[in-house]
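So this first bit is one chain, no partners, the form predicted on its own, shown in structure tokens.
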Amino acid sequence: MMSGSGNSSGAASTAGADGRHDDDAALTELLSSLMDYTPTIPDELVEHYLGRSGFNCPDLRLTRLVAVATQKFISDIASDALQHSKARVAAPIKDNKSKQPKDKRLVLTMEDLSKALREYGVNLKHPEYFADSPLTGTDPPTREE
């Protein structure tokens, strides 16, 4: 009976080794494909920010891997901000029904971007600009004395 249990553990360790071999092969394939891929974020920009953070690696594949991960991160944030913008436009305006926008174009606001970034643990604080003011687009007050 003991030899049977040793046999099954040997089969399990062989399967584990095959799984590791498959992982190594997939990693090797991914790294080699990065040499043929030109990421949206330039290598020089990634190297600059990696250098500023104290990381220096001469391997271009690693730089491109960071560029791809960064591109995915930015894409996810932009997609989430778009969803926030769509939700904001779809929400009914409670004050006045005549103020519903006639133009259905989506406008990405700092509020949409802030909400999306907050989901990823990035807190964005920005000063209120003239364009963000609630009085934007209204006629200046007149003085009647």
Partner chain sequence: MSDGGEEDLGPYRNPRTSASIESSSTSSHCASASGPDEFGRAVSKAAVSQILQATGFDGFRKSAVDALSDLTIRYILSLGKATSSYANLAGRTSANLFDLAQGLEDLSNSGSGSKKCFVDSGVLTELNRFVKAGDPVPFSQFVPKFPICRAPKKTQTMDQIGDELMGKKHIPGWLPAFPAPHTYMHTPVWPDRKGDPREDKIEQVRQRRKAEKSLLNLQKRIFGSGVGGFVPVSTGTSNSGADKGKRVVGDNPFLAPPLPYGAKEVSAITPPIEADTGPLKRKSVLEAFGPTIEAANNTDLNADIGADSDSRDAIPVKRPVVHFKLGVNKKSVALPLALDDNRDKLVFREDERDEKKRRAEMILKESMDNPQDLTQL
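Between two forms, the rigid core is defined as the largest C-alpha subset superposing within 1.5 Å. Predicted, not measured: the structure shown is a model, and the values here were computed from it. Residue numbers count along the first chain shown, from 1.
What comes next is about the form predicted together with the partner chain, which is not displayed.
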property	result
Any non-hydrogen atom of V107 within 4.5 angstroms of the partner chain in the model of the complex	yes
4.5 Å heavy atom contact, L30 to the partner chain in the model of the complex	yes
Contact test in the model of the complex: V89 vs the partner chain, heavy atoms, 4.5 Å	no
The partner chain in the model of the complex - contacting residues of 36-65, heavy atom within 4.5 Å	Y37, T38, P39, T40, I41, P42, E44, L45, V46, E47, H48, Y49, L50, R52, S53, G54, F55, N56, C57, L62, L65
Core-superposed comparison between this form and the one not shown, D36 Cα displacement 2 Å or beyond	yes
